[in-house]
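Listed next as structure tokens is one chain, alone, in the form predicted alone.
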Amino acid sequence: MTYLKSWEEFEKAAEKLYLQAPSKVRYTMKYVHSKNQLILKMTDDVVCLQFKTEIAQDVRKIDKFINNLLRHMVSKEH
């Protein structure tokens, strides 16, 4: 499994993956303290998207993305 290089690339691909099959997609977030890395993984068991960062500013971007994803989940469209 490879990691996507940029946050923007991960965000677009992850949202697209979710919108294709909302009931099959899941994501995990893991913090590795020894490496000071935050790792995100989003998968539907066919496609696996991963992103890792050591930059504290990316946490705000990730928080905004997760809030957007949760908004999709609770909307009545799906």
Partner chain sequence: MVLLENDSFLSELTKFFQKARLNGSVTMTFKRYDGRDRPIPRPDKPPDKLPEPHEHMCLVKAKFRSKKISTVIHQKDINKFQVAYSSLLKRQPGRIEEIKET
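Numbering follows the first chain given and starts at 1. Being a predicted model, the structure only gives us computed values, none of them experimental.
What follows is about the form predicted in complex with the partner chain, which we do not show.
Chemist: Considering only heavy atoms, tell me if residue 47 and the partner chain come within 4.5 Å of each other in the model of the complex.
Modeler: No, residue 47 stays farther than 4.5 Å from the partner chain in the model of the complex.
Chemist: Since only the chain is shown here, I'm wondering whether residue 17 would be in contact with the partner chain in the model of the complex (any heavy atom pair within 4.5 Å).
Modeler: Residue 17 lies outside the contact set for the partner chain.
Chemist: Can any non-hydrogen atom of residue 75 be found within 4.5 angstroms of the partner chain in the model of the complex?
Modeler: Contact with the partner chain, yes.
Chemist: Is residue 12 a contact residue for the partner chain in the model of the complex, using a 4.5 Å heavy atom cut-off?
Modeler: Judged by the heavy-atom cut-off of 4.5 Å, residue 12 is well away from the partner chain in the model of the complex.
Chemist: Using a 4.5 Å cut-off on heavy atoms, what residues in 25 to 46 are near the partner chain in the model of the complex?
Modeler: If the 4.5 Å heavy-atom criterion is applied to the partner chain in the model of the complex, 25 to 46 yields 25, 26, 27, 28, 29, 30, 31, 32, 33, 34, 36.
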